[in-house]
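First comes one chain, alone, set out as structure tokens in the form predicted on its own.
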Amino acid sequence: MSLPAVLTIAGSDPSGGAGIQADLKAFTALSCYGTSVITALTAQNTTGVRGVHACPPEFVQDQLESVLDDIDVFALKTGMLYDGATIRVVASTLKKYYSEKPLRLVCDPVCVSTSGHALLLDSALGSLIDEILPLATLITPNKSEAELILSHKQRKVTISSLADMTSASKELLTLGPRAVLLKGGHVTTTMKEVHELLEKDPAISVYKYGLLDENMNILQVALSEEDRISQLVVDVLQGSCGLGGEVGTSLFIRPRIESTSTHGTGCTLSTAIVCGLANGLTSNLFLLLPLWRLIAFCSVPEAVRNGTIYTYLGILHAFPVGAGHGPLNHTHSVVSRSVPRPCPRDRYPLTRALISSTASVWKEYVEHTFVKELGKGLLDKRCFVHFIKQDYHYLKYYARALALLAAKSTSFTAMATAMQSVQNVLHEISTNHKTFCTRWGVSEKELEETPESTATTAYGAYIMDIGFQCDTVKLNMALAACLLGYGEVGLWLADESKRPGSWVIMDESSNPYAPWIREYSGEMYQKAVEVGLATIEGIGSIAPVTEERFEEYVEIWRKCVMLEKGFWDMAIALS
């Protein structure tokens, strides 16, 4: 296996969280062969920078030429360059070696440390702007660095909003780089601001990660108020980023994490982007690094998207180091995972990935005509009666499949969970289902004598087949779509009913189906949903969810969601 060679030209951090130490860790984690040129030695730790000792520019040149004479570097980055002489040496050497081949250069314009120590001399800023920025494929300034660079060019700006970031990124683009990624870690943003910006410019591309999207109410129930996502981090990419050289704006949106493990975040992000440019990659949002594929070209937005995901997860899965701002976890992706492990701030990554992978059919299921008419109280009585008769038959299949799950389980805890789920089904039949039948004049004899519809048999046979042929993991996956889906439908209708002038009627005198909504949005059913979510997420925490396994899970999940939708279709059609 051959790994693409990449290069970092930056300072050294003896505490290992930033600089070339962080870069080399990220290079390795992201399947690249890392090389380095040291521009300066620093004395620093997690609490701050104590001192800087610059390398002589001539020695920086010797290092750089030694690497480039011998190794074919696919992509590279600059970090801390410190002084003007070093900047000029780096720029002239890169021009010399890349005069006849593409230069994929990411410039992280490091100016000041988090603790306030200068990492770029004031006299060197002009050289950075004039010598390095025009060579760069991408520059990655944060708020302060962007303001400093623009002020040096007599374009004094204050960046305090998403709109400011968009304007500033366009200004930075005029300084010569092919693209600008203005990082939003120091700017508080909300989804309201995002929507306002998109209304003004619908052509803006949006890449979201880690956010709970529509029809994911079940994933929010167990969250505490402080864990509910309101504040966002939004990075703004501006520039010529595609194969055709088209200019555009892209937003990379993720939840803001309140963490002290942020030392070296900027270094790590630029490094991850370099790896994307070197490797080339074709992945979707849920296939996390290092599952990258070698192709001839990687677009800047794709490299940025995956770089931001890698860095975000590094913060999310960081462990404490030092007494100050510790480093992120660069090794979180060393074990190949298609879905990250659950953690306190992201409790349901596998379930979120399943729903997102089947978003279209999941929406059709949750927001089905049957559900909407039920919420309005306008559902034809015949359709609901047909539904509860067929649901009675389906629940027999469901309980039998749960009993199979108990029989296949190898621990008492798993057996107890499965048997409790069987008890929950029996409770539903003896109480709620019986109440609905009595209210709608359906006798037990009528339930038993009603023939199964094709949709009921198809769904029941599928989950039983999964139970007989597959392992407990896949059976859990097959059973989850029903449990979680009804929980989502109940919460969706209940939430809609709280909106001013809502179309959902919760007054039983006006909507005979209101008790059904209350049942599936209620505490008892939602506790069962929590157990189901914990079971699904337990799959990913026991062993890594590989790409192949994830595709198998998605296929089972999609099939069951389609069968659930087919169940609503059957009720509407009285078939």
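Rigid core (definition): largest C-alpha set, two forms, superposition within 1.5 Å. We number the residues from 1 along the sequence you see. Just so it is clear, the model here is predicted, and its values are computed rather than measured.
Heads up, the form predicted in complex with a further copy of the same chain isn't pictured, but that's what we're talking about next.
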Ala203, heavy atom within 4.5 angstroms of a further copy of the same chain in the predicted complex: no
Though only this chain appears here, would Glu65 touch a further copy of the same chain in the predicted complex if you measure heavy atom gaps against 4.5 Å? yes
Taking any heavy atom pair closer than or equal to 4.5 Å as contact, tell me whether Gly16 reaches a further copy of the same chain in the predicted complex. yes
Looking in the predicted complex, any heavy atom of Leu120 within 4.5 Å of a further copy of the same chain? no
One residue of Glu214, Glu193, Glu452, Asp130 in contact with a further copy of the same chain, assessed in the predicted complex (non-hydrogen atom, 4.5 angstroms): Glu214
In this chain shown alone, the residue from Met165, Val366, Leu138, Leu237 with a heavy atom within 4.5 Å of a further copy of the same chain in the predicted complex is Val366
In the predicted complex, which of the stretches 491-499, 149-157, 102-110, 122-130 has residues with heavy atoms within 4.5 Å of a further copy of the same chain? 491-499
Counting only heavy atoms, which residues in 433-456 are within 4.5 Å of a further copy of the same chain in the predicted complex? none
After fitting the core, Gly522 CA displacement of 2 Å or more between the shown form and the other one: yes
Val531 C-alpha shift between the shown form and the other one of 2 Å or more, rigid core reference: yes
State yes or no: after fitting on the rigid core, is the Cα displacement of Tyr348 between the shown form and the other one at least 2 Å? yes
